[in-house]
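As a starting point, one isolated chain is supplied in structure tokens, in the form predicted alone.
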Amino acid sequence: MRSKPNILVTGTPGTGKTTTSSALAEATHLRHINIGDLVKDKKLHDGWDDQLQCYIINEDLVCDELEDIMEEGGIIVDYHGCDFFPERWFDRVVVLRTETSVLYDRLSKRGYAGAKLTNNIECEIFQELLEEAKESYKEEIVVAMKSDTVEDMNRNVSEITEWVSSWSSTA
């Protein structure tokens, strides 16, 4: 049984997952794992997708890499997908939502263009990650949070930190 909760922070690229997760890790003393960085650093991928300009993640390798540390607890996982992680790993699933004009600006500043930009904006418009989270995890642990501004992010970190403080492994 875990003594600390595990949290998944998910959402469309550009919604503030890494910023929120880093601030949350600092506030709660939980460990932040950015799946994109883990995939690159440990080569947990099946090559590069030229069209989408990203690694093709090997979900089985990622899950194998994380299995033992997730059982220990106290982990914040940051990734734009959520349906391949085992349900048992997470006590809270936070889906960050961003208004599409804000998201467009953030992604454009990152150099996203063409299909990559369009696909991510459409993903947010159609709430694909929120639906994926609701289909993959118990609805009572899935929370959607607005992430348009620094104030939103700060409020989200405060609310999640409060939840972590009140979490009990018997919950």
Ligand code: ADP
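Numbering starts at 1 and follows the sequence shown. All values derive from a computational prediction rather than experimental measurement.
Although it is not shown, the form predicted together with ligand ADP is what the next lines describe.
- Only one of 105 to 113, 42 to 50, 65 to 73, 126 to 134 lies within 4.5 Å of ligand ADP in the predicted complex by heavy atoms, and it is 105 to 113.
- Taking non-hydrogen atoms only, Thr161 never approaches ligand ADP to within 4.5 angstroms in the predicted complex.
- Among heavy atoms of Val157, none comes within 4.5 Å of ligand ADP in the predicted complex.
- Ligand ADP is not drawn, but in the predicted complex it has a heavy atom within 4.5 Å of Met153.
- In sequence order, Ser147, Asp148, Thr149, Val150 are the residues of 129 to 150 having a heavy atom within 4.5 Å of ligand ADP in the predicted complex; the partner itself is omitted from this view.
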